[in-house]
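Only one chain is shown below, in structure tokens, and it's the form predicted on its own.
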């Protein structure tokens, strides 16, 4: 098969994926989205002969738009543009999880700093303020006092992009110094790791220590349901332990897997390519 890989920068994750594809004899078409022009009637020439497209764009804005164009060109794309749109927006992400009955942290969205302050006071301290768009734990704030809340809200209202005027406020979940990332393909867990840190943010990109963990039946069930809620695909489902259970706080659509691959006995890129091959075979059968 010929796999088109959308990118703006080739990271370790993409190198692992490209290497696995080439080792199996698949043709790879690397498509640098920074250099292409996406017409509303005709696709760029770079897509000629491509059987499936994998979105690995670093920037969320590019990912959301380019997958929409690829879908309009009637090419199968991982992930689907609607899935990308839901996962890229924390408010939409939380809404679909809640609508599906999946345990997820209590969250409120407001549009003025006065309403935001009311929500924060009702949640109590600490609580968490997040940008609706963003990743790697950037611009997230754990708010410990009213003074801190007032300062952060004023900065967001005065200096921020319009998206920062959408105040996404969430309860602070007391977790045991770690959270859990599960990579899944259409709801089927591939592997899982715990990300541990003394800091309240436990992103691997921020230096959290990682270790492989066993996927329990409850985790697998939540991953399957969360994947279905956002539309399926190649996803990273993030969970937090809450006593004897779990809560799903986010589903990621351009999931990084290099850290997971380093600690897991599972060959993550090989499993992803297995899944891509099955997707292409499914398209050929129905064509």
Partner chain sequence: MADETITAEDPITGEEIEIPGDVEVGEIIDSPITGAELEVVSIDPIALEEAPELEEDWGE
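Residue numbers count along the first chain shown, from 1. What you see is a predicted model, and the numbers here were worked out from it, not measured in a lab.
The same protein also has a form predicted in complex with its partner chain, omitted here; what follows describes it.
For the three residues 22, 34 and 181, a heavy atom within 4.5 Å of its partner chain turns up in the predicted bound form in every case. Partner proximity in the predicted bound form, defined as non-hydrogen atoms within 4.5 angstroms of its partner chain, places exactly one of 59-67, 215-223, 241-249, 44-52 at the interface: 59-67. Mapping the unseen interface onto this chain, residue 254 counts among the residues with a heavy atom inside 4.5 Å of its partner chain in the predicted bound form. Within this chain, residue 270 is remote from the site of its partner chain in the predicted bound form, having no heavy atom within 4.5 Å. Not displayed here, its partner chain is kept clear of residue 142 by more than 4.5 Å at the level of heavy atoms in the predicted bound form. For residue 138, a non-hydrogen atom is located within 4.5 Å of its partner chain in the predicted bound form, even though that partner is not displayed.
In summary, among the residues 161, 155, 146, 206, the only one with a non-hydrogen atom within 4.5 Å of its partner chain in the predicted bound form is 161. Looking at 117-133, the one residue that comes within 4.5 Å of its partner chain in the predicted bound form, counting any heavy atom, is 133.
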